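Next comes just one chain, in structure tokens: the form predicted alone.
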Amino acid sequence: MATQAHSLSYAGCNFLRQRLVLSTLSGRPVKIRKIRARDDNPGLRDFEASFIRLLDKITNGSRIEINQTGTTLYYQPGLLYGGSVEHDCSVLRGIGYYLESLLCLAPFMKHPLKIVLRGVTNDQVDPSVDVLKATALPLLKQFGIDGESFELKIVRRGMPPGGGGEVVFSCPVRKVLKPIQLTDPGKIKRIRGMAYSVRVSPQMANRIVDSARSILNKFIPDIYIYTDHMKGVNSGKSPGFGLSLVAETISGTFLSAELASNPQGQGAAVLPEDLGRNCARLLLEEIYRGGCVDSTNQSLALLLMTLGQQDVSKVLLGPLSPYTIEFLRHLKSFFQIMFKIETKPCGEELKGGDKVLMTCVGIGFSNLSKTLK
């Protein structure tokens, strides 16, 4: 852990998770002011408060101070402790909102993390549990985070607005991370998907599969889309359906896209046929953007490269998302690390959109709380 470093100060509610996660890893306290100060309803939202409570559960000795209106937050991180944890997520955001940050923190705990999260498994805002399972876990394995206890399991599905889903995530701890060289995305060899429906007719999932295949079959024959219809207590509290698609390349890259139906009582009803077709188009767009990591996991890959051993890591990404660009700025302020960014225009061998080659030397982050056996 860093010695008592001076705290960093930010204003506004944007990128709150990034700041708190990097603060926890670097050991630098943060102060965030003016959180929705001009709003009619100022201060932290319910889902942000829930996220702060989650950080408090998985660390030991964190100091969190929030003023009365909730517009100022001071966070002094403790040690990442881990162990067995249960957490009820806010139903305003998906479980993916919390899981994305846990994926960044879990390998550096003192004890292997085993956490039960309850809430919304699939919504229209955050990456769903299905997509994180299919794309983020293989990415972590590239960095040497693997083992029998490394899994993400959906016990119950929950759609907004009621939620009621449940997932179990367990992750082993690592002392150091391996540097990576992911520069060849490779060609797409197969597409896998999951069409799910809860508290609606099971036929919905089949209709989604047929319409998605009507577009994807023109490009590749090896397509398999599973249908998942959960019944009874496992189907959460609200009706809904959706589709997540993952394309895998010959070099082990996973690119994903997903769509979920509108929450009950909000917006117009969505036809399963339209949802299937639109999701297939989103996947084709993601494949066009390309790179070795899909746009959902860009920041996760860059963080793990930063924390790797003092060796060169390279990764080829598609166009950087605004979230990733801000993340690079935060990496500089928390870890004083700069990436070398080279643009690779789509030439002969690189099809699709323009790519970016990100290179950095890891800071040699070591998990000091993990005792050597």
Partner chain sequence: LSKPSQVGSGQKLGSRNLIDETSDIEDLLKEEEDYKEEKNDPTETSVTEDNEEDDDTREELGGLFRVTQPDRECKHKADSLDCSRFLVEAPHDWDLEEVMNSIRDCFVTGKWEDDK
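What you see is a predicted model, and the numbers here were worked out from it, not measured in a lab. Numbering follows the first chain given and starts at 1.
Omitted here: the form predicted together with the partner chain. The next part is about that form.
Residues of just one listed stretch (150-158, 107-115, 286-294, 171-179) have heavy atoms within 4.5 Å of the partner chain in the predicted complex: 286-294. Exactly one listed residue, out of Asn234, Asn206, Gln264, Gln124, brings a non-hydrogen atom to within 4.5 Å of the partner chain in the predicted complex: Gln124. The single contact residue among Leu331, Leu316, Leu54, Leu320, judged by any heavy atom lying within 4.5 Å of the partner chain in the predicted complex, is Leu320. Using a 4.5 angstroms threshold between heavy atoms, Leu282 counts as touching the partner chain in the predicted complex.
Although the partner is absent from this view, Glu65 contacts the partner chain in the predicted complex, with a non-hydrogen atom inside 4.5 angstroms.
Ile363 falls outside the set of residues with a heavy atom inside 4.5 Å of the partner chain in the predicted complex.
Of the heavy atoms in Arg192, none are within 4.5 Å of the partner chain in the predicted complex. Shown here without the partner chain, the chain has Arg28, Lys31, Arg33, Lys34, Ile35, Arg36, Ala37, Arg38 in 24-56 lying with a heavy atom within 4.5 Å of that partner in the predicted complex.
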